[in-house]
Structures are given as structure tokens and as C-alpha cells.
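Provided below as C-alpha cells are two forms of one protein chain, presented individually as structure 1 and structure 2.
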Structure 1
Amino acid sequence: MSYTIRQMAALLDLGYQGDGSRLLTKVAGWNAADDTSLIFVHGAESRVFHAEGQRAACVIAPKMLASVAANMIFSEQPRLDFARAASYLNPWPKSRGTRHATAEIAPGAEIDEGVELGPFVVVETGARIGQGSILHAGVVIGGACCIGKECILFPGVVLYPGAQLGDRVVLHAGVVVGSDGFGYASDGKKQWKFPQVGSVIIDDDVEIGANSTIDRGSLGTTRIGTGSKIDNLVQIAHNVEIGEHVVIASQTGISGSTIIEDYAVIGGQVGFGDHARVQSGAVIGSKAGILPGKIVRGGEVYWGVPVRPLREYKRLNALFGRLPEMKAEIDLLKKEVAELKGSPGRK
């Protein structure tokens, strides 16, 4: 897609300066920018912008830099508005409505107009696929699954029977939705599989990264709320409830029946025990550990194992760094006390 600077500024509802007729065809980083590229600057980058920024067709930047460049779209949140601009210049592909000869569609499957099916796609009985969706090579859609409009399923995605996707859901390569949760009951000799017969629902505008897995509920529902974004290699167990617009980074593992409320941010390699709850707006740093049943209060930043507020974690971490010195001091004090106890004047 291409837009003039004037058109892009109007789409973003932002002011601009310079040649409004200049054409923008792509977004780019500073080093790769050319005369049709849109770039952005913020923070420390503004100090060196004058020397670097002129290769691009246009820059999204704060108005304080207006004197630096001829073509500029003014923004007080350049990174955010750059991302918004990218959604216009580099949108998700639209379905071509084609169906590869090797795609296998079972009798009773319902496929709406304009759905694109790639090589070796399998759609089982009772599945429904909404208008404009794209299923790339090797996607498998189990029986009675429901896929909304304009979804994109990249190669190798698997939906187990009964999984439900809303509209505009994006599942990257290798995502598995609706596999059995990890639940067993032991009689002391054998592990008996606890029923995994629930459902999984993924709401509108969710994006899930490559090779992530979302288990179905055991007896209830696993749910991912509208607009949430999940990175690669994330494991979401049975009966987990994730709210709206939650962000979860790579290699995080979420145990069963955990609840993560709206607008929470979860860093990479975070581990959740079962039945934990993260309240709305909480931010959990990378490699944190949340114990089973733990409630993480909203509106604050957390870190560490077990997880604790960042201010407390930083204080304890500073003390931990002094442990060798503190041990030496304690050893010295113990030696002095022993000497005092053994002195001739002691009764």
C-alpha cells in the first residue's frame, strides 16, 4: 500500500510539515530507509536525528524537532503512531478466495465466500470458516470448529475439534489450539487421565506467536480475550482465562485455572502456578515466578521468584549482592565474641 504524507497524517489525525504530496510506500529503520520510507525518532535518538534522518521520505517525531527535517508528521508518541502507520502501509494480506487442489474439505463443513485454502489444508465435518479467512499450507481444522471472518492461520496450525476463533484472529505457524490439558489423578500405582472435555475460545483480534499452545478446558473453558497478543513458545493450560489486551512474551508457562485480567503485561519466561490471579494492569518482569494461588495486585510492576513488587525486589537483590561481605563480617564478629568469652577476666 502507498499513501502521501498528507493522507497518512489525516489517517493518524496528526499534523505535518513539508511536502504533503510525497509518497510513502513502506516503514523502515534508519539504516534501511530510502526516499519512500517512513521512519520515527524518540527519546535519545533525537540528539543524532539531524545527521541520520534525511534519507527517509518522512519522519514521525515530536514537534520540538520541527526545524530539523523538511517532511515530518508530528507526534508526541512516535513509536505508537509509527506502529499505527505501519498497519496502513503494511497491512495483513487479504484472501484471494482460491482453493488448492490438495485441500480436503469434509462433507458438512461450511466455508464462506472468499476463503483461501492452501495446499494440504484439512477441514473436518461440522467446521465453519468465516468470510475472507486464509488457511495456509498444512492447516488442520477439527470437527465443529468455528473460525470467524478475516482470520489468518499460517502453515501447520492445528485446531482440535470444537475450538472457536473470533474475527481477525492471527495464528502463526505451528500454533495448536484445543489440545488436552495436563491433568491426572493417581491411585498410588497408576496415573488416571482427568477428563479434558471442555472448550477453548479465542476472541476477536487476538494474535498468537509461532509454536504456542492453548489447551482446552478440562470441564470448563479456556479463554483468551479480545485484542490480546501472545508471543512465540507460550504454553497456556486448561481453564486459563486471559482478559482483553493482555501482552504475554515468549516462553511463558501458565498453569491451569490461572486468571490474567485486562491490560496485564507478562514478560518472557514467567512461570505461573495453578489458580493464580493477575489483576488488571499489573506488569510482571521476565523470569518471575508466581506461586499457586498467588494474587498479584493490579497497577504495579513485579519481579523475582517468588514474585514481589519491583521496589522490594530491588532492595532484596541489593542485599543479596552483599552476602559475601556480610558473611565475612559475621565470621569476624563470631571470632571476636569467642575470644571475649575465652578471656581470663570473664566470669
Structure 2
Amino acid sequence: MSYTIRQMAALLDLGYQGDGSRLLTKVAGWNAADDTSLIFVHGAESRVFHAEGQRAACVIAPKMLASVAANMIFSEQPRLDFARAASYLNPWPKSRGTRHATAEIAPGAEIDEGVELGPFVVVETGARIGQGSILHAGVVIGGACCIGKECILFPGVVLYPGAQLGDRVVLHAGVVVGSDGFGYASDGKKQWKFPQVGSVIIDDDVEIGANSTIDRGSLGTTRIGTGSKIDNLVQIAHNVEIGEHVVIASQTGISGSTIIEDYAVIGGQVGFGDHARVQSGAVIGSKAGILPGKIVRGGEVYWGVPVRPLREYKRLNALFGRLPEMKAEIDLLKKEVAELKGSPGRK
């Protein structure tokens, strides 16, 4: 897609300076920018920017940097507005509405006319796929799955039977949705599988990274709310409820029935015990561990195993690093007290 600087500034509802008729065709980084590229600067980069100049067609930057480039869209949040601009310049690809001859569509699947199916796609009985969705090579859609409009499923995605996706859901390569949850009951000799017959619902505008796994509910439902973003190799267990606009970084694992409320931000390699709850807006640092049943309050930053408010974690970690000094002080005190006890002033 291409827009003039004037059009882009209007779309972003921002001011600009320079040649408003100049054409933008793509976003770019500094090094790769050419004369139709839109770039952005933020804080620390501005000095380099001064020194090196740029070849880009236009730069998104704070107004205070107005002198450094002829064509500029003014923004106090250049990274955000650059991302917004990218949604126009580099949008998700649109379905071509083609079905590869090798795609296997079972009788009874309802596939909207505008859907694109790649080679070796499999759609099983009773599945429904909405207008404008793209299923890349080798995607497997189980029976009775329901996929909304304009979803993109990258190669090798697997939906177990009955999984439900809203609109504009993006699943990267190798994502598995609706696999059995991990639940067993032991009779002392063997493990009996606890039934994993629930459902899984992924709401609109969710994006899930490569090779992540989302289990179905055991008896209830696993749900990921509108606009939430999940990185690669993340595990979401049965009956987990993730709210809206939640962000979860790579390799984090969320155990059964845990609830993550809206706008929470979760770092990478975090582990959640089951039946925990993260309240709206909480931020949990990478590698944190949350005990089963734990409630993490909203509006604060947490860290550590088990998880603690960041300020407390930092203080404890600093003292952990000073354990040798503490030990030495105790040893010295012991010596001094022993001397005091044995001193002439004491009987």
C-alpha cells in the first residue's frame, strides 16, 4: 500500500512538515531506508540521527527534532505512531480467494468463497471458515471448528475438533489449538485420564506465536480474550482464561484454570501454578513463578520465584548479594561478644 505524507499524517491525526505529496510505500529501519520509506526516531537515537542524516522519505519524530529532516510527521510517541503507520503501509496480506487443488475439504465443511487455502490444507467435516481468511500450506482444521473472518493461519497450524477462532486471529506456524489438557487421576497403580472434552475459544484480533500450544478445557472452556498477543512456544493449559489485550512473552506456561485479567503484561519463561489469578494491569517480569492459587494484584510490577513486588524483590536480591558481608559481620560480632563476656569488667 502507498500513501502520501499528507495522507499518512491525516490517517494518524498528526501534524507534518515538508513535501506532503511525497509518496510512502513502506516502513523501514534506518539502514534499509530508501526514498519511499517511512522511518522513526526516538530519544537516544536522535543524536545519531543528527550526525548521519537519512535517506528516508519521511521520519516520525518529536517536534523538537523538526530541524533535522525536511519531511517529518510530528509525534510525541514515535514508536507507537510508527506501528500505527505500519498498519496502513504494511498491512496483513489479503486473501486471494484461491483454493489449491491439493486442499482436502471434507463434505459438510462450510468455507466462505473469499477464503484462501494453500497446498495440503485439510478441513474436516462441519468446520466453518469465514470470509477473507487464509490457511497456509498444511494447516489442519478439525471437525466442527469455527474460524471467523480474515484470520491467517500459517503453515502447519493444527486446530483440534471444535476449536473456535474469532475474526482477524493470526496463528503462526506450528501453533496447536485445542489439544487435550493435562489431567490425570491416579489409583495408586496407574493414571486415569481426566476427561478433556471442553472447548477452546480465541477471540478477535488475537495473535499467537510459532509452536505455542493452547489446550481445550477439560470440562469447561479455555478462552483467550480480544486483542491479546502471545509469543512463541507458550503453553496455555486447560480452562485458562486470558482477558483482553494481554501480552505474554515467549516460553511462558500457564497452568490449568488460571485467570489472567485484561491488560496484564507477562514476561518470558514465567510459570503459573493452577488456579492463580493475575489482576488487570499487573506486570510480571520474566522467569517469575506464581504459586497455585496465588492472587497477583493489579497495577504493580512483580518479579521472582515465588513472585514478589519488584521493589521488594530488588531489596531482597541486593541483600542476597551481600550475604558474605552479613556472614562476616556476624562472625566478627560473635568474636567481639565473646571478648566482652570474658573481659575484666564482667564477672
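Every residue number counts along structure 1's sequence, beginning with 1. Think of the rigid core as the biggest set of C-alphas that the two forms share within 1.5 Å after superposition. The structure displayed is predicted, hence computed values, not measured ones.
- Remark: the form predicted together with a further copy of the same chain is the source of structure 2; structure 1 originates elsewhere.
- Core-aligned CA deviation for residue 19 between structure 1 and structure 2: less than 2 Å.
- Relative to the superposed core, residue 10 undergoes a Cα shift smaller than 2 Å between structure 1 and structure 2.
- The two forms, fitted on their core, place the C-alpha of residue 336 4.4 Å apart, compared between structure 1 and structure 2.
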